[in-house]
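Quick setup: one chain, the form predicted on its own, written in structure tokens, and binding and motion questions come after.
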Amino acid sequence: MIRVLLVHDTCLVRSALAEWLRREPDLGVFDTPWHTAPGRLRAVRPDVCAADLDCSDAYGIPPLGELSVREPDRSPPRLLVMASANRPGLLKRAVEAGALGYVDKEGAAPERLARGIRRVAEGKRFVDDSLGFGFLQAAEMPLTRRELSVLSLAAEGASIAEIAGSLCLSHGTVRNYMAAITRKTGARNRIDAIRISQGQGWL
């Protein structure tokens, strides 16, 4: 039996997916929204976390690192993400978090999700071909993971002080990141950098 924790913030979608997956005799499925995922992870101790990359918290940044916490007596769960090709910034985050599976949530049937879970549980990679262009865009992104985090917070209206507090950085370091982001995106200012990055699907 493969123990699966399904992480999705849209209750109706999460419930429907979980119910469908529970019909598979080899899958033991538990589900949770993002904000309770760390606690559920410790309680369920899944083999695979299947997580939607859209997160509805204050800043929309999926805390993928919290799904890969290593416990003293157990390996961390393997990670599969449900993603869109038009969000290369989130794909890049998933790659950096060590995700093995990538299912296209815009076009894949539920059977693909079940197949991906089984592959990832075996320690094998699973990638929907339709996400290929998104991965190409992710590879060409000029912003680092930390810069994306800073810009994501700025896009939600966070001040320099709020960004610094959220990411445990100094105010000067946040300003340096914003300057680098503005330069790398060819923007005139922070607002323009946000506009450009959103248009490219980096945020």
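All residue numbers are counted from 1 along the displayed sequence. In this text the structure is predicted, and so the values were computed from the model without any measurement.
As for the form predicted together with a further copy of the same chain, it is not shown, yet the points below apply to it.
Proximity of Thr144 to a further copy of the same chain in the predicted bound form: non-hydrogen atoms within 4.5 Å are absent; the residue sits far from the partner.
At a distance threshold of 4.5 angstroms between non-hydrogen atoms, Arg119 is out of contact with a further copy of the same chain in the predicted bound form. In the predicted bound form, Lys105 approaches a further copy of the same chain with a heavy atom inside 4.5 Å. Using a 4.5 angstroms threshold between heavy atoms, Ala154 counts as touching a further copy of the same chain in the predicted bound form. Residue-level contacts in the predicted bound form: of Ser159, Thr36, Ser68, Ser166, one residue has a heavy atom within 4.5 Å of a further copy of the same chain, and it is Ser159. Within 4.5 angstroms of a further copy of the same chain in the predicted bound form, the stretch 171-203 places a non-hydrogen atom from each of Arg188, Asn189, Arg190, Ile191, Asp192, Ile194, Arg195, Gln198, taken in sequence order. Between Arg188 and Ala85, the C-alpha separation shrinks by 3 Å or more in the predicted bound form, relative to the conformation displayed. Contraction of the Gly186-Ala85 CA spacing by 3 Å or more is recorded in the predicted bound form, set against this form.
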